[in-house]
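Quick setup: one chain, the form predicted alone, written in structure tokens, and binding and motion questions come after.
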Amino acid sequence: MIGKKLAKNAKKIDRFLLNFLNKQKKSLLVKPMIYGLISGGKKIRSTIIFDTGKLFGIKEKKLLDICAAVECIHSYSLIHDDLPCMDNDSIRRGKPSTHIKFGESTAVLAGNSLLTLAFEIISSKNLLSSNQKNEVIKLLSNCSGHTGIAGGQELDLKFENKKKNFNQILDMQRKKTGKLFNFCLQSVAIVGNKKKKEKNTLGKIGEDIGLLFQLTDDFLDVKGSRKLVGKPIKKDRKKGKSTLINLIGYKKSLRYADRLKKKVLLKLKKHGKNARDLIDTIKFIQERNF
């Protein structure tokens, strides 16, 4: 059931992105951009956005631009993360990484172009008001730059082969992965014209979901299969990555993740039946390693 939902949503976003790019003037970078953006991936973040929209009765068509922007940001970050100067990964989503397929310089430029495309999509003519666009753009900037994804990746690289404590590791992972999930939930609250307190609450829930996602990725690196993950496994320990698993062990990390999931689900309880789809997606995120 959840698999069909993810596949259906991914097709919607892929179609939107291809239509958007097809309306633009062609360049040599479009092919590598599409390669890193469209091919493979469950687009879980888009499903999280749609599911959050159901909390407030927001129609999917009003959230399509935000979903597309999130996938551009996520794909740009993966293209750059895979580069030799970063994590040096040659496989992504079961196929050669973008820099392996097209070369390093092209991968950098394709990633840069996806980053800027995200903001172009949100600022284009759509169903959002000017105030909503401005707020969404500001939030996405904060979650993508040095206070979000980019800053988290820098910490991830600097933490390699160093002894970091529990809170330092969580802070790094919240920035690297959690901030974009923060955006996924908080942006929906912006579209729904919710008050500041509600926006912040949803943003924090999003960060917890993102942390749960990252923890599950770490579990998959230890006990998952290359076929399931779509990239080499057992590389975190080899690279000396700072993870909770390497700090407190697999079982304790698993228990922490379980407590985190229960905490998130408890906060969503007030939304009743409207939270059902979001809860199912959150459960799927944690259960990917089983």
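As the structure is a prediction and not an experimental result, all values here were calculated from the model. We number the residues from 1 along the sequence you see.
In what follows, reference is made to the form predicted in complex with another copy of the chain, a form of this protein that is not presented.
Colleague: From the list 168, 201, 112, 193, which entry has a heavy atom within 4.5 Å of another copy of the chain in the predicted complex?
Modeller: Answer to the contact question: 112.
Colleague: Exactly one residue in 217, 160, 89, 154 has a non-hydrogen atom within 4.5 Å of another copy of the chain in the predicted complex; which is it?
Modeller: So the residue touching another copy of the chain in the predicted complex, by this definition, is 154.
Colleague: Counting only non-hydrogen atoms, choose the one of 235-243, 254-262, 45-53, 23-31 that falls within 4.5 Å of another copy of the chain in the predicted complex.
Modeller: That would be 23-31.
Colleague: Answer with yes or no whether residue 127 is in contact with another copy of the chain in the predicted complex, where contact means some heavy atom within 4.5 Å.
Modeller: Judged by the heavy-atom cut-off of 4.5 Å, residue 127 is well away from another copy of the chain in the predicted complex.
Colleague: Can you tell me if residue 213 lies within 4.5 angstroms of another copy of the chain in the predicted complex, counting non-hydrogen atoms only?
Modeller: Contact with another copy of the chain, no.
Colleague: Just to confirm, residue 176 within 4.5 Å of another copy of the chain in the predicted complex by heavy atoms?
Modeller: Because no heavy atom of residue 176 falls inside 4.5 Å of another copy of the chain in the predicted complex, the answer is no.
Colleague: Test of understanding: in the predicted complex, would residue 98 fall inside 4.5 Å of another copy of the chain by heavy atoms?
Modeller: No, residue 98 sits far enough from another copy of the chain in the predicted complex that none of its heavy atoms falls within 4.5 Å.
Colleague: Scan 129-161 and note down the residues that get a heavy atom within 4.5 Å of another copy of the chain in the predicted complex; none is a fine answer too.
Modeller: Result: 130, 131, 133, 134, 137, 138, 141, 142, 144, 145, 146, 147, 150, 151, 153, 154, 155, 157, 158.
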